[in-house]
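Read the single chain below, which is given as structure tokens and is the form predicted on its own.
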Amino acid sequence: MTAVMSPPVTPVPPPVRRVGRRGGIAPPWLFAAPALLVYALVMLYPSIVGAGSAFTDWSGVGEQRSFVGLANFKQLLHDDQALGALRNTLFLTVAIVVVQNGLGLLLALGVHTTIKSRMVLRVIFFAPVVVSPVMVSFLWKYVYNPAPDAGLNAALNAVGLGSLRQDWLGNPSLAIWSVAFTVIWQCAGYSMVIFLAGLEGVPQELHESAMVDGAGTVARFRHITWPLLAPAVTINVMLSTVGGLTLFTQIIAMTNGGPGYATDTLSTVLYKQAFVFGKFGYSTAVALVLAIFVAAVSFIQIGYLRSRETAA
């Protein structure tokens, strides 16, 4: 009699118990809820409530205020100081974006080599970034000392260029350039680091293949390096643009907006209107216009730069 072998039975895994929201597992967004609540209470709520002051004549002291509608914004359109500050803000922004990023890219290309001192040079170029902007501003304020035997003027005398001595921060035509140079000197190392990170991600094989095909240094940079640096360009341009549009610390520390209103920016105007002249309503209107302007420029920039990344 032949025994009949039964087929092996495959064990069936127990059904997976799916726990819904009622089963004790919280949705992911609840983990961020405490931080979002604190952010809303500390940042969003005061900002929204404060924005309402732009439509009043509040002096910043007491609760007495009157609704003035769009009067503060109309005053802004006819305020020569504010319009001059807007021109200064745009000038500083363009100068910082172009020169700082151009210099940062050159520095990144220079230290992205096999020279033995490349690590030391990276540290030296990045060192100003970690220094407080206030300290850097006072350092360069001494460098720009108008005395003939101090700072930059003394250096010019020492090399026989005494005829080029200037009152660097007291001359309305030079003051804004002096401030721009200070900002660029401090922040170029930051742009360098971001570009350097982008250069590290460029495959060396592409350069080697291009060299085999006879491509020179300029051709390889134009057709290989530059397109692959698009994400780094986006980050640097965005950061430097926002930094230029909201520039405040260096202006206050070096010139306080002077001489006259030659170096005033929108940030310094809203500060002075609030804390010097006691016009908190008008100051809030300036701040609201500045915030909307920065947001609009940022959205336009990021849309264009992101499309460039996709095309690259």
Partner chain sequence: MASVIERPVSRRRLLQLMGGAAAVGTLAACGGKSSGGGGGQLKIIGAGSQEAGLRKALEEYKAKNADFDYNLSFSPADQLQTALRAQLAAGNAPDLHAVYPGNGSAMSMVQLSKANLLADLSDQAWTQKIPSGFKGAFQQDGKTRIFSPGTSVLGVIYNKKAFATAGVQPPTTWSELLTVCETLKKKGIVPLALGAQTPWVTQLINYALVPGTVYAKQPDFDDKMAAGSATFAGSGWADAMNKYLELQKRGFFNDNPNGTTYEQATSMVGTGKAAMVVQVSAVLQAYREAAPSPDDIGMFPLPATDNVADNWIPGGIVVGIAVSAKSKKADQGRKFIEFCGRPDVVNAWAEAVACVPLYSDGEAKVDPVLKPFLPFLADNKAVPFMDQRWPNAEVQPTHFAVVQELLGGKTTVDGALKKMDEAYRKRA
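Just so it is clear, the structure is predicted and the values come from calculations on it, not from any experiment. Positions refer to the first chain, counted from 1.
The form predicted together with the partner chain is left out here; the points below concern that form.
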Here the chain appears without its partner; judged in the model of the complex, the stretch of 95 to 103, 125 to 133, 168 to 176, 225 to 233 with heavy atoms within 4.5 Å of the partner chain is 168 to 176
Residue 274 within 4.5 Å of the partner chain in the model of the complex, heavy atoms | yes
Though only this chain appears here, would residue 254 touch the partner chain in the model of the complex if you measure heavy atom gaps against 4.5 Å?
-> yes
Counting only non-hydrogen atoms and a 4.5 angstroms cut-off, does residue 145 reach the partner chain in the model of the complex?
-> yes
Just to confirm, residue 37 within 4.5 Å of the partner chain in the model of the complex by heavy atoms?
-> yes
Contacts with the partner chain in the model of the complex, stretch 38 to 64 (heavy atom within 4.5 Å) | 38, 41, 42, 57, 59, 60, 61, 62, 63, 64
